[in-house]
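Take a look at this one chain, the form predicted on its own, written out in structure tokens.
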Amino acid sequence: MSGEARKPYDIDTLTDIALRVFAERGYDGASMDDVARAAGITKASIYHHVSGKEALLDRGLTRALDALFAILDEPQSLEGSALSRLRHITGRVAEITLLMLPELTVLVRVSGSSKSERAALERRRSFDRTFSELIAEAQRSGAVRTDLDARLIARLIFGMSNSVVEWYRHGSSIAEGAVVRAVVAIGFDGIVRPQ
């Protein structure tokens, strides 16, 4: 770096970089050397901000989960029919997935091998339970078919939404809004044209 000033890093910027590295290499496959190289700084400089790799992981997982849980507090998630709330939450989860692709990629891939991963998995299960309970409410109201288990419906809808992290890249020829609309349409209307 002949004479050019190094960009100063803060904890949020380093977390952004670490999440991109974790999403690309996998958390277990990435090292602090990889994060430092991606940031263009020394590993010692990173330790000035965080205690280690798991602290960066924890920050990223917390970001992702806080964003998901914030959806549940939105007025459209709290008011209206159970079906309209389900549609809103499903669409917003897809939007957040696209908006926070590195964070959600890391969250979707956690294995539970570290304390941070286990805590994140438990929080995600809590989110899924809330969504499943809303599906059950919609079933009781007659808006959603009752021949399918509410937890299974939740897993399949989120499985479809979570798969976006595996193939979607910003700048794709598929617009983000189209992805969100497709997740909601397929999750609630299917793909067969009504007769």
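Quantities reported herein were computed from a predicted structural model and do not represent experimental measurements. Don't overthink the numbering: it's just position in the shown sequence, from 1.
Same protein, other form: the form predicted in complex with a further copy of the same chain, not shown, and the subject of what follows.
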item	value
Candidate stretches 66-74, 145-153, 34-42, 53-61, one within 4.5 Å of a further copy of the same chain in the predicted complex by heavy atom	145-153
4.5 Å heavy atom contact, S126 to a further copy of the same chain in the predicted complex	no
Heavy atom of I174 within 4.5 Å of a further copy of the same chain in the predicted complex	yes
a further copy of the same chain contact at L83 in the predicted complex, heavy atom, 4.5 Å	yes
Proximity of Y47 to a further copy of the same chain in the predicted complex, heavy atoms at 4.5 Å	no
